[in-house]
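Here's a solo chain for you in structure tokens, the form predicted on its own.
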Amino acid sequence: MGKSEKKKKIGNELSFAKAITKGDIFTKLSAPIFGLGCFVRGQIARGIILLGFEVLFIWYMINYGLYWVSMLPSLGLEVPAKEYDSFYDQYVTVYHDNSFKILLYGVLTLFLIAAAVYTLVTSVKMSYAAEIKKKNGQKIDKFKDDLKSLVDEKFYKTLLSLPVLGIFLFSFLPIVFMILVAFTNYDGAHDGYITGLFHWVGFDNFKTLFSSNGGTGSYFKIFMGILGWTIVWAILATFTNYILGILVAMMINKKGIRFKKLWRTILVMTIAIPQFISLMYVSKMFDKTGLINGLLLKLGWVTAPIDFWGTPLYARILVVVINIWIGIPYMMLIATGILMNIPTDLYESARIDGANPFQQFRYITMPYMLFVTAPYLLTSFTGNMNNFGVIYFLTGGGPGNSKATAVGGGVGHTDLLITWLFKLTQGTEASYYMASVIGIVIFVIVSTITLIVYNGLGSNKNEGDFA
């Protein structure tokens, strides 16, 4: 039996339940005393690491962890209160519990407990693996063998360790925290420390969002209106950039076109300029007193300034058109590379068969482009669903929607779900809990669309096959 086969056999024999029931006394004691079995069998480095983690875990739980976990059900008991200060001879506000920190550190502690349970299982399984090897007369891995393994057959673990840690700290943990906030009354009046503690409210916030009580001023009516515009915006912003970007790339690549490098350079320059600067400048251009209105008045085409940003239809059309100007250069660069790789014999065969340019575009260019760029098209759509910058810097979500009351956070006609979420977190009456609920809904909608479409893509099902 080869070395790899022996390792595979031992790996198949390893399970926590089998290790606990069939392992010797040292393996069993490796559950309460991490790394004991490793120490006994000469794996000193493993034993030190496992035992060191257990010692630190116990120290943390005694000094901090137990407190944070015990406070999670209530999210704080002592509210800010006025207390007499004999030194200043006056009443001062004394702050006690902090709901925000309790929720944050409580969640971190729960993850740490889960890590401790995983380490316990690992400790027992490592001890049992060493026990089996010793019984079979095999060599027990030492510290240098572990290090060698991390740069050899387990090198993937070495490479993925930092990215996985980063994803956990900066992506997964904030998502969990956001989800939990949706089940509290965390807002401007209950910030968890200064203005007052917040507490659990169960599914009340979700009931508020999806309840139509309150007519046009209800969260549900506002949500459905913004959701409809968000989907329309995402479709228009995605496909206008996509189609026009391909057409621009085809025109520049067409034989006989002069100064191809110049046209590409001009388009690429729009990418180099910081987007928020361009958007803010264009926003000022279309003001009542802006460059566009000034030019129209000078030419005599209008008798009074046009309120581009104050008229809902004009504002929505403008944000779509301006987004085309921003997005075409990206798609042009992508399309240029793909067009150069389409086999020329396909076009030659089509011309011999009598296909005109439109038919060649329809049956050769577009199918090839869609096959290759379908994942990009999908990510572009989901990105436009959450395109905060274009809307925020151009219109700020305006013009205001008179049908949406203050309960909606000052909703405007060009607001997307993401910009509405941002507005809900602003001001002294910020509704963080409702913003979290909407964030969850956005995640569910976008992830559902992404998974359904991605699983149906031809480029995903038949990688490398285009016909």
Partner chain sequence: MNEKQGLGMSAKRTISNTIIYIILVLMSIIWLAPFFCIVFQSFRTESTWQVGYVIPQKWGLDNYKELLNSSFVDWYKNTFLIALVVCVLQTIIVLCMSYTLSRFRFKMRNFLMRFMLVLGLFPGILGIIILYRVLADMGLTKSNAVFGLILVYCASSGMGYYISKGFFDTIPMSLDEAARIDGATRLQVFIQMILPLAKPIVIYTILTAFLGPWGDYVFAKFVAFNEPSGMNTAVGLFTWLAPDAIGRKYTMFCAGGVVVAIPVTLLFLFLQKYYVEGVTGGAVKG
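It should be emphasised that the depicted structure is a prediction, and the values quoted were computed from it without experimental measurement. Rigid core: the largest C-alpha set superposing within 1.5 Å between the two forms. Positions refer to the first chain, counted from 1.
Same protein, other form: the form predicted in complex with the partner chain, not shown, and the subject of what follows.
The partner chain in the predicted bound form reached by all of L160, I167 and R258, non-hydrogen atom within 4.5 Å
Yes, all three are in contact.
Between M280, L346, V94, V121, only one gets a heavy atom within 4.5 angstroms of the partner chain in the predicted bound form; which residue is that?
Spelling it out, the residue with a heavy atom inside the cut-off is M280.
Just one of V201, L147, I338, A115 has a heavy atom within 4.5 angstroms of the partner chain in the predicted bound form, so which one?
For this set of options, the contacting one is I338.
Of the listed stretches (246-254, 219-227, 232-240, 311-319), which one has a non-hydrogen atom within 4.5 Å of the partner chain in the predicted bound form?
Contact criterion met by 246-254 only.
Heavy atom to heavy atom, is D152 within 4.5 Å of the partner chain in the predicted bound form?
Yes - in the predicted bound form, heavy atoms of D152 and the partner chain come within 4.5 Å of each other.
Partner contact for I334 in the predicted bound form: the partner chain, 4.5 angstroms, heavy atom
Heavy-atom contact with the partner chain at 4.5 Å: present for I334.
In the predicted bound form, does G412 have a heavy atom within 4.5 Å of the partner chain?
G412: no contact with the partner chain in the predicted bound form.
Is it the case that A81, even though its partner is missing from this view, gets within 4.5 Å of the partner chain in the predicted bound form, heavy atoms only?
Judged by the heavy-atom cut-off of 4.5 Å, A81 is well away from the partner chain in the predicted bound form.
Residue by residue through 278-293, tell me which have a non-hydrogen atom within 4.5 angstroms of the partner chain in the predicted bound form.
Heavy-atom contacts within 4.5 Å come from S278, M280, Y281, V282, K284, M285, D287, T289, G290, L291.
Once everything's superposed on the core, is T311 shifted 2 Å or more at the Cα between the shown form and the other one?
Comparing the forms between the shown form and the other one, which are aligned on their rigid core, T311 does not shift its C-alpha by 2 Å or more.
Please check if K125 moves between the shown form and the other one, taking a CA shift of 2 Å or more relative to the superposed core as movement.
Yes, K125 moves 2 Å or more.
Rigid core superposition, L150 Cα moves 2 angstroms or more between the shown form and the other one
Where the cores coincide, L150 still shows a C-alpha shift between the shown form and the other one that is 2 Å or more.
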